[in-house]
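Single chain ahead, written as C-alpha cells, the form predicted on its own.
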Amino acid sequence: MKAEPYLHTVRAKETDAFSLSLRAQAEAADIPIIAYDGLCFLQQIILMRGVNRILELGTAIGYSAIGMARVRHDLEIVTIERDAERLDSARQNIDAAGFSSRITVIEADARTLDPNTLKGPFDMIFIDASKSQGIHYFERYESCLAPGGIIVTDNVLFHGFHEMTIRSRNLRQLTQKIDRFNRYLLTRKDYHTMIYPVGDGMSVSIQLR
C-alpha cells in the first residue's frame, strides 16, 4: 500500500464541535483557513519545540490561533489581520473560546507594520497571509524571532498547482512567486528548511545558531 492513500485511512479527523463550527463559518464566508492536518502539524511543532510565544501573520476568523492556543495553557499569541470584518469575527471567536487573555489581535497590514512595535521575541512565527508576499514577510519579521526560533509558512504547495499547467496568467504568476519563495528558503544558510506535504504544503525553517 502506498504511503499517501494509507495515511488518509488513519489520519485524525476533526471532531471538536466548536472547531467544526469555525470551519463552517469560514466556508460560508469563503474565507480560507488552515487544513485540519496542517493545524495538527502546528500543534506538534509547538509541543516538540517548547514554544511559548507565537506571532501569526493572517488571523482570518481566528481558527488557527485558537487551535494553537489550545495546546498549552500558558501559550501567548500575537496575530495580525488587516480585514475589519474578519477581525470582528476573530475577536468574537477568540472570546467565545476563552482565549482573549492569551491571544492579542492587532488590526494592521502585515506588509507595512513596523516589526519594532511588536513585543518580541517570538519562539515561532506562522505566516498565513498573502501567498505572493512570502519573501517580504519572512525578511520583514525574522528580526522578531528568538535565537533558534522557527518560521512556519502555510500554502507553499498551493493546492498542487504547477505553473506550466495553468492557463490563467494571474494564477500562473502567483504560483511562480510561491515557487520563488520555496527556493529562496532553501538558499538561506542561516536556516534549516524542510517543505512538508501537509495540508496545502507547509515549510518549516529553523534558525541556526
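All residue numbers are counted from 1 along the displayed sequence. These figures come from a predicted structure and were not determined experimentally.
Heads up, the form predicted in complex with a small molecule isn't pictured, but that's what we're talking about next.
K.L.:
Thinking of the small molecule in the predicted bound form, which stretch from 178 to 186, 142 to 150, 27 to 35, 46 to 54 has heavy atoms inside 4.5 Å of it?
P.N.:
Of the stretches listed, the one contacting the partner is 27 to 35.
K.L.:
Indicate whether the candidate residues 41, 125 and 138 are all in contact with the small molecule in the predicted bound form, with contact defined as any heavy atom within 4.5 Å.
P.N.:
Zero of three within 4.5 Å in the predicted bound form.
K.L.:
Classify residue 119 as contacting or not contacting the small molecule in the predicted bound form by the rule of any non-hydrogen atom within 4.5 angstroms, answering yes or no.
P.N.:
No, residue 119 is distant from the partner.
K.L.:
Does the 4.5 Å heavy atom contact test between residue 108 and the small molecule in the predicted bound form come out positive?
P.N.:
Judged by the heavy-atom cut-off of 4.5 Å, residue 108 is in contact with the small molecule in the predicted bound form.
K.L.:
Closest heavy atom of residue 60 to the small molecule in the predicted bound form, within 4.5 Å or not?
P.N.:
Yes, residue 60 sits close enough to the small molecule in the predicted bound form that at least one of its heavy atoms falls within 4.5 Å.
K.L.:
Heavy atoms within 4.5 Å of the small molecule in the predicted bound form: does residue 129 have any?
P.N.:
Although the small molecule is absent here, residue 129 would touch it in the predicted bound form, with heavy atoms inside 4.5 Å.
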